[in-house]
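A single chain comes next, written as C-alpha cells; it is the form predicted alone.
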C-alpha cells in the first residue's frame, strides 16, 4: 500500500513525508496497521546494523498478524506489539523519558497514531528535526467536538455524530496538534434538525 496523497488544504492540516533511515545513536519506530509497510519499505535501503539500534512499537489493529513476522525478521533490538495506542502510551512515555540525545523517531500509519505519538515525543523534549512521519492505510479521522470536547475515533463520514454529546458535526480540516485531532462543529446550529445525509469521505 502506497503512502496516502491528500488534497491541498489549510495550513494546520498535517503534511506527511516518506520514512528514510537517518544516522542516530538509537531509533524508535512506531506504527499501526499498514504503517508497518512504511518501515518494511525503508528497511530495504537502510544501512546495515540500523535495526540493532532500533526499538519497534507496533499496533496491528485490523491487520492482525499480517505484518508481525516481517517486522520481527528485521531483528530489532526491541520489538513490542500492543493491542491499542491507549494501551501502549505508558510504554511509549517511559521509552521517551529514558531516551538520550541522538534518538531518531519514525512514525507511520494512521493520522490518529502519528499525531498522538508526535505529541508525546515533543512533550518529552524530542526536537522536530528528529521526527519523521509517513501516512499509510486508513484515512479515518480522530475528531474532537468543539462543543463538548469529546474525542471520537475513526470517523469516516461527514457529517458524523459525536460519540459523547450526540450532536451532528461537520468535519473540518482544522487540526489541533495539542490534542492530535481534527475539529468538528455542529452542522445544524442555525437550523436545528436540518442534518445532511452522511457521506463516507474517509476509509
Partner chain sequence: MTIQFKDETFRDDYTFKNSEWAVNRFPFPFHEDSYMYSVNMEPHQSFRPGSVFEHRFDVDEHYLSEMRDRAQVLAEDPLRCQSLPHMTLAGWDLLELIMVSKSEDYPDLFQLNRDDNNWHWINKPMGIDQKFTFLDEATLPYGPMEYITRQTQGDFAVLDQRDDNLWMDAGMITTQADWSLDFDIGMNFFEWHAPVPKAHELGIFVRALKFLLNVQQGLPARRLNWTMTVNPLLDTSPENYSKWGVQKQELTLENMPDKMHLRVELQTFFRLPRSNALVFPIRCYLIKLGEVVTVPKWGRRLHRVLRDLPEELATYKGFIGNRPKIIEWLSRYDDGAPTSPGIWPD
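Numbering follows the first chain given and starts at 1. Predicted model only: the values in this text are computed from it and were never measured.
Although not depicted, the form predicted together with the partner chain is the subject of the following passage.
Student: Do residue 192 and the partner chain share at least one heavy atom pair within 4.5 Å in the predicted complex?
Tutor: Residue 192 belongs to the contact set for the partner chain.
Student: Residue-level contact is defined here as any heavy atom of the residue lying within 4.5 Å of the partner chain in the predicted complex; does residue 56 satisfy this criterion?
Tutor: It does not: once the partner chain is placed as it appears in the predicted complex, residue 56 has no heavy atom within 4.5 Å of it.
Student: Using 4.5 Å between non-hydrogen atoms, is residue 146 touching the partner chain in the predicted complex?
Tutor: Output for residue 146 is yes: heavy atoms within 4.5 Å of the partner chain.
Student: Does any heavy atom of residue 164 come within 4.5 Å of a heavy atom of the partner chain in the predicted complex?
Tutor: No, no contact at 4.5 Å.
Student: In the predicted complex, do 61, 68 and 84 all put a heavy atom within 4.5 Å of the partner chain?
Tutor: No: none of 61, 68 and 84 comes within 4.5 Å of the partner chain in the predicted complex.
Student: Select, from the options 155-163, 48-56, 138-146, 35-43, the stretch whose residues sit within 4.5 angstroms of the partner chain in the predicted complex by heavy atom distance.
Tutor: The contacting stretch is 138-146.
Student: Does anything in 166-203 come within 4.5 Å of the partner chain in the predicted complex by heavy atoms, and if so which residues, in order?
Tutor: Result: 167, 172, 174, 175, 176, 177, 178, 179, 181, 182, 183, 185, 186, 189, 190, 191, 192.
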